[in-house]
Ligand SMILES: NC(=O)c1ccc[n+]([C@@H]2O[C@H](COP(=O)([O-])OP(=O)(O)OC[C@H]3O[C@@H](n4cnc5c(N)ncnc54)[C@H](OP(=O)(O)O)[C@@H]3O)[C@@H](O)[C@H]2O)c1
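So this first bit is one chain, no partners, the form predicted on its own, shown in C-alpha cells.
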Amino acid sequence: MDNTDTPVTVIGLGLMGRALAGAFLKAGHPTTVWNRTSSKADPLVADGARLASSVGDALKTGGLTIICVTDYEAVRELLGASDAGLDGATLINLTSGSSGQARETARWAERRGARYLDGAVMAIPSAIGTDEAVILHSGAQADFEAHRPTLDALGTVTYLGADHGLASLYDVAGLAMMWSVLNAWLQGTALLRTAGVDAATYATFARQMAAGVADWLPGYAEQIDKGAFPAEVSAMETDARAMAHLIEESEAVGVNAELPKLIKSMADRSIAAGHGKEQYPVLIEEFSKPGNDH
C-alpha cells in the first residue's frame, strides 16, 4: 500500500477530522467521509471526497479507516452499529482518551475481526499535512508499516510499540510537559511584572532557560533508568532551599505561590525519605506514587 490509490475513510468531521480528510485528499487518496451532521462534509465533497450514507457504507471502501470523534464511547457506538461490518477492516483511532480505553477498544475491535491501531495527534488542525504535525501510533507494527506510506500524508508519523495504550500515554505525557513549561513561564512572568518587566521581554530569557533544561533530560533519564542519582549538578537539599526562596519571593511581591509550594512539598518528602544528597531526578520516586499515599 505505497501509492496514492489507497482509499481512505475518515469518520468524524470536527476540526481535526476535516483537517485529516483534507490532507488525504491533497495527497491524492480517494477519500470517503462520514459525520453525524453531514453538512460538515460539504467543503470536502467539493474538493472530491465521497460522502458515505452511513458508517457501514463508509467502512465498505476496503482501505484504511481513520476515526476521530468525541470519545471512545462514541467510537464503539458508531462502529458497533448494525450495518458497520468490521471484519477485515483496518482502523486507526485518533480519538483522545486514556491508555486503558485504548487497550479495551483494541480488544473490542479485534474480537470483531478488525485490525486496530490507536493513535494521538500532537498538532493543531492547521498543521496537519505538514512536518510539524506529529501523529503517534501504537499497536501491531506490521499494520502500521503496511499503511505508513498513506499515513505520511498527515505529517510526521511515529510508531511507539505494540502496546495499544502507548499513544495515549505519550499524549498525556506530552500535555504534562506542555502545561508544566507554560505554568513555570506564567509564574516567572507574574513575578517580573511586579517590577515592570513585560511578558515579551521575559519570554526571551525564559526560552533560553527552557532550552537549557531540555538539554539535561538525556543525562537525567540515564539516572532514572539506572536507579542511581549522584549529585553531579546539585543535591536535592540545595534545590529545596532555592524552592523556599522562590516561595518567599512570590509571597513578598504578592504573587500566587501554590505551584512552587506543591513542588517543594514533594522535595521535602524526598529529603525526609533520605534522598537529600541525591540529584533532582530522584523525585521520580515521588511522582511514581499515587497522591493518597502521602
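Keep in mind that this is a model prediction, so the values were computed, not measured. Position 1 is the first residue in the sequence shown; the rest follow in order.
The same protein has a further form, the form predicted in complex with the named molecule, not shown here; the description that follows concerns it.
- The contact with the named molecule in the predicted bound form, taken as any heavy atom within 4.5 Å, belongs to Pro125 out of Pro149, Pro125, Gly85, Gly219.
- Proximity to the named molecule in the predicted bound form, defined as a heavy atom within 4.5 Å, singles out one entry of Gln223, Ser96, Ser99, Thr189, which is Ser96.
- The stretch that touches the named molecule in the predicted bound form, counting heavy atoms within 4.5 Å, is 29 to 37, out of 247 to 255, 29 to 37, 42 to 50, 263 to 271.
- With respect to the named molecule in the predicted bound form, the three residues Gly12, Leu15 and Val121 uniformly fall within 4.5 angstroms at the level of their nearest heavy atom.
- Contact between Ala74 and the named molecule in the predicted bound form is found at the 4.5 Å heavy atom cutoff.
- Interface membership of Leu78, defined by any non-hydrogen atom within 4.5 Å of the named molecule in the predicted bound form, is confirmed.
- Using a 4.5 angstroms limit between non-hydrogen atoms, Thr238 is distant from the named molecule in the predicted bound form.
- Taking the partner from elsewhere, Met243 is found to have every heavy atom lying beyond 4.5 Å of the named molecule in the predicted bound form.
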